[in-house]
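Before any questions on binding or motion, here is one chain by itself as structure tokens, the form predicted alone.
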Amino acid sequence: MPKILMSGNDAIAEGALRAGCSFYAGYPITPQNELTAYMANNMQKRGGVFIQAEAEVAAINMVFGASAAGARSMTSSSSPGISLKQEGISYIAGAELPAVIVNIMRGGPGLGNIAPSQSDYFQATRSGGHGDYHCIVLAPASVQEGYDLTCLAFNLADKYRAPAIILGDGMLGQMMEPLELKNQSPKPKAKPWALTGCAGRKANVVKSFYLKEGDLEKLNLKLQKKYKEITAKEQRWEELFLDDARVVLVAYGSMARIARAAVKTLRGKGRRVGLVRPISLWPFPKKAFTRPKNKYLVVEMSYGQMLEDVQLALCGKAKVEFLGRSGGGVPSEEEIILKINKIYNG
């Protein structure tokens, strides 16, 4: 199949369109503006609805409404914009609605800068809004995966009636790579729970507001049962050279590309180094951490957010080291190699 050159932001947008996204609402913020522009240029041509909302809060609540009506719905933003959407994401989770939220992370905290970062990991995986809920979180490491995982996110959101997050960063959003436009997303199935009018059937109710004593706890127990099923079935990761590894690098997204280069360089020098790349950040792929005799090095564009999940997965059975930078700083291949050599010799 022929490939085309496309940026990460555009690939995510095209993946959404090919997955059957029929409603998009967003508000401009760098470094994800190309995604919004792509949707603005293409949604109407493909039979969908595009709205540039007056604010991020408005955009996520428009997604709530469109999803409740049965549309495959999406919004996108970057770190501070995603923070503003958290209340709406909690409402979507509480109402058991499918939706896709794209976060192309930038440096923080505060307004920060427009450089790539991975410091929204906690926000995404710990569910930055109020209440006991989770979002499915997928982390692409290439333009192709941006496209593929966006298609997957829509399918998982529909399957589990839950919000799904694509967690990228400014590096992934802006880079351009060859992309194969696979038609891999099945036609969306009917949604008998949707608010499509009640003629000829019992009226549907979509809400996250429960005042009667005990009703909200029943909802929460239902959600927890669903999250256990997702945790059991939807862990995703990639592994490289683990069979003989003494030291295992752990990195996700754009950072995993640099970690992979460091692994290949070190293997060429006889170092037995491997790589685990989490693809699903929630559920975190605990099943990938089954070699407690290894030493681990977690590398992030943050100051140790995914590190906590790696430590929890290993439960104290292996030594875990850390290398991280933030605020737009990116650990280099040379920094990783230097750290690995210290661990290897130590």
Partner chain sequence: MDRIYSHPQSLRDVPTHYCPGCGHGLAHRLIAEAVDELSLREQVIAVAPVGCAVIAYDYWDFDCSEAAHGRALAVATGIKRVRPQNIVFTYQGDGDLAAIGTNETIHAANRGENLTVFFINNAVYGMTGGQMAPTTLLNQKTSTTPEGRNAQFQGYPLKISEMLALLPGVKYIERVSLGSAQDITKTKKAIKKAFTNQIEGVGFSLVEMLSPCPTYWGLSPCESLDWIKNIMAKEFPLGVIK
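Numbering follows the first chain given and starts at 1. Source: prediction; values computed, not measured.
The discussion below concerns the form predicted in complex with its partner chain, not included here.
The contact residue chosen from 233, 182, 207, 272 relative to its partner chain in the predicted complex is 207, the criterion being a non-hydrogen atom within 4.5 angstroms.
A heavy atom within 4.5 Å of its partner chain in the predicted complex is found for exactly one of 51, 29, 43, 313: 51. For the chain shown alone, residue 261 is not a contact residue for its partner chain in the predicted complex, no non-hydrogen atom being within 4.5 angstroms. Interface membership of residue 221, defined by any non-hydrogen atom within 4.5 Å of its partner chain in the predicted complex, is ruled out. Its partner chain in the predicted complex comes within 4.5 Å of a heavy atom belonging to residue 91. Though the partner is left out of this view, residue 217 does not reach within 4.5 Å of its partner chain in the predicted complex, counting heavy atoms only. The chain is drawn here without its partner chain; in the predicted complex, the stretch among 53-61, 297-305, 31-39, 314-322 whose residues come within 4.5 Å of it by any heavy atom is 53-61.
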